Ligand code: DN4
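First comes one chain, alone, set out as structure tokens in the form predicted on its own.
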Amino acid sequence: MQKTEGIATDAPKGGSTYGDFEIVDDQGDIELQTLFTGVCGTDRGMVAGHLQFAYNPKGQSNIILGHEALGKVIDPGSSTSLRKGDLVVPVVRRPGDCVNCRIGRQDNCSDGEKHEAGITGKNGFMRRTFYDSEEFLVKVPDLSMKDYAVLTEPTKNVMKALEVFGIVSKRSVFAAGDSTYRGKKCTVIGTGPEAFLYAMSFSDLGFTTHITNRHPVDDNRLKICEYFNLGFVDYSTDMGTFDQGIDVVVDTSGDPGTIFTFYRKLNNNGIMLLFGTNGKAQPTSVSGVDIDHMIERNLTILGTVDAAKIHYIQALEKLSQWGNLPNSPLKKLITSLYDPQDETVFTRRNPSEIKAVIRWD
């Protein structure tokens, strides 16, 4: 049993409590100090009591929040590859006993018996210290990444989605005539951190990439777009940009009305990746014309969630690549730093916020 300072909620009821908590579900003998934890819509949704699928660890009346974390090794325990002072990112999903979980692909859990740190049945990382096993820790290769390695968890979602895209796109010749993606069009719905990470990744693949929202954005976002060769479109005033069609749509909003507005812009053999979740979003109507559109154009619509350990490794490689670019604005995705005791991070969001992070060290 471990006692540590942290931030907890009573899932799925909501609320947040900052204080000292006894932790009984840590496994492993590697002692870690939390440096940073990212705050995302899942954390805020849990505090608001909007996520009915969230639940406390067995026998507990609360759950420590936090699934996006960067930690530092205090004591490597029995590890043969980690040393004191190493930076690590903990894996969020912990396996159940299905066939996918048994091969390290709990991101594709087939029976729902996996647990997600800080979300479903396992305490998360919004706390000063925690213990873990080497199996579920990914070493950060470069200490200079300390200021942005907390973005690994959201970036690994993108790496998983790119894997899925690569598989599904093989149903047809998806590349352009020169065997690359030059001239292919990708639109990412949303202007939060995941939207930027998706857009930057598809731009790296060669897609002409736009991010879009239904309102203007601040100068920081526009500068990041310019640096990474992304276009921005306020679709409330300009849908004409998309009249020539889109090959890939990535949704990070979870809004059905917006999703189907852009679905209708997909070209033949187009792919829509659904990542955003929003249980409070208003319903929308789907007609027979929409079904015809899907069938006649050979469209693919799929959901993608979480990732495997390999995707964390790929995410760190991608973040290192972006972070080492000349005058890289990667750090500018992190727009707000909070102290652990400032629980307004869950209830107040500055309009200029891209990514909010709690600093623990």
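Residue indices: 1-based, along the sequence shown. Small disclaimer: the values here were computed from a predicted structure and weren't measured.
A second form of this protein, the form predicted together with the ligand, is not displayed here; the remarks below concern that form.
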Open item on the list: Counting heavy atoms only and using a 4.5 Å cut-off, do Asn157, Gly276 and Arg349 all touch the ligand in the model of the complex?
Closed with: yes
TODO: Tell me the stretch among 284-292, 137-145, 255-263, 172-180 that has any heavy atom within 4.5 angstroms of the ligand in the model of the complex.
DONE: 255-263
Task: in the model of the complex, the one of Tyr235, Phe232, Tyr131, Phe228 near the ligand [non-hydrogen atom within 4.5 angstroms] - done: Tyr235
- [ ] Using heavy atoms only and a 4.5 Å cut-off, determine which of Cys109, Cys186, Ala195, Val73 is in contact with the ligand in the model of the complex.
- [x] Ala195
Task: Arg105, heavy atom within 4.5 angstroms of the ligand in the model of the complex - done: no
- [ ] May I ask you to check whether Ile334 falls inside a 4.5 Å heavy atom distance of the ligand in the model of the complex?
- [x] no
Task: Contact test in the model of the complex: Arg83 vs the ligand, heavy atoms, 4.5 Å - done: no
Open item on the list: When the contact criterion is heavy atoms within 4.5 Å, does Thr209 count as touching the ligand in the model of the complex?
Closed with: no
- [ ] Go through 201-226 residue by residue and record those having a heavy atom within 4.5 Å of the ligand in the model of the complex; state none if no residue qualifies.
- [x] Thr212, Asn213, Arg214, His215
